[in-house]
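Presented below, as structure tokens, is a lone chain in the form predicted on its own.
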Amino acid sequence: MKIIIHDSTFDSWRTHARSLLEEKIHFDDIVWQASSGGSFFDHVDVSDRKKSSALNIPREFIEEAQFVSAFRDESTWNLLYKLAYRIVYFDRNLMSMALDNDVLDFQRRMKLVSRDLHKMKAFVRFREIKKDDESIYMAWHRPDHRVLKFSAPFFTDRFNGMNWAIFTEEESMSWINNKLEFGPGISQREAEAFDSTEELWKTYYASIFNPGRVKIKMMKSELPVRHWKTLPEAELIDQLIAEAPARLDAFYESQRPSALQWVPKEATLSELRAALPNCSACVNCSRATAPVFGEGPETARIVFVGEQPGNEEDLNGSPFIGPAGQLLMEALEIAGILRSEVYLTNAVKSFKWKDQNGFRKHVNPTASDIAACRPWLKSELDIVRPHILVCLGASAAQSVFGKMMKVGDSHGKVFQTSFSDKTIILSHPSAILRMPNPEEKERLFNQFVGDIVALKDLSDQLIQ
């Protein structure tokens, strides 16, 4: 096998590749290797080769090959020569064969170099260095491939009016007094000695950071962790990611409709009840007959939170008096719990409905409805401070927990929340009413009664 010693520049590769092609040296007879010294032909004897009279390589291939030569893998030189040889001696239209393995490899390397060039344009950070009342802006970058020279048109156009230099480990590029020059590179440690204005970048980055679009996997894909050290703002990434959930919650709370401005501070239950009709946090308030506040003693040991008032509750102004409420009262009676001993309320205070042939049909509240009414429920629970808090259905659970909870997965489990150490999620009794099969309806009711009996037992244990 013939060995070619190569100094890893495209111009020298092109010159000597042309000579080798003219000698018809097959690509399998060549291995290109990088070296800081030596001649291209140190290990090749081509003196007895018969030269070809004509080489006709498409200009487009030469231009793309120069770009692909930036790919940081010495096998690239073998690939470029192999493609050139096949174009000259087998098929001038080779590069149009999209399924050819060599062409596919060429296109893959071109894509990766293009992506690395894009990253360089996006993530180079200049630092101002002042000397003798003059400024020069310095940057250090670690590209994956040899893309520095290909970035020159972008940087000379974008930063034409200032003097700057960009360094990599292998080479550097400077624009001083409108003159572009290339030189040797420097290590990152040497680059860290630059005076900097990093705090400006950090302040800017923190201000534009969007916690709602945090995708760690994508961040690392677009900007691998090994590049983070070259970016001043990268020091903030871990902190900003950690703070993202809280910042996102704060943002959502600021955007949602909320009853908070209508809820009197440090009020009693009576004062809250009196203030509720003035609330206009959502459209449900204006469509309902009247909002329905909770009922029961302030000293209640058990609090039941339902979804929202129904038609009967809306017309009469009391919670849990409609069909679903009657089922709850029946279960309480069987368990030996009096209505007057518990506190009954809803996550949403006003009846949400739509007209259906002259009747007001119940409509499930949205997450926005639940969030808007949550300050009322929070104020009630902060006053009552129940030993046992029961969420009847998903809407009640979402209001209490502040997030979606699957009733089926959480049914009967005891959770600790800010409102009660014994917070339990049960199915809403309306689910029993919707069951068309009589046997299944009876089974669900018996299960519901069993859940209420278990609550009574738990309450009695807490008293002891």
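What you see is a predicted model, and the numbers here were worked out from it, not measured in a lab. Residue positions are given as counts along the sequence shown, with the first one as 1.
There is also a form predicted in complex with a small molecule; it is not shown, and the following applies to it.
Heavy atoms of residue 310 reach within 4.5 Å of the small molecule in the predicted complex, making it an interface residue.
Mapping the unseen interface onto this chain, residue 306 counts among the residues with a heavy atom inside 4.5 Å of the small molecule in the predicted complex. Contact annotation for residue 346: at least one heavy atom lies within 4.5 Å of the small molecule in the predicted complex. Not displayed here, the small molecule is approached by residue 320 to within 4.5 Å at the level of heavy atoms in the predicted complex. Screening 147, 324, 282, 166 for any heavy atom within 4.5 Å of the small molecule in the predicted complex leaves a single hit, 324. With the small molecule left out of view, the stretch that reaches within 4.5 Å of it through heavy atoms in the predicted complex is, among 157 to 165, 81 to 89, 274 to 282, 310 to 318, 310 to 318.
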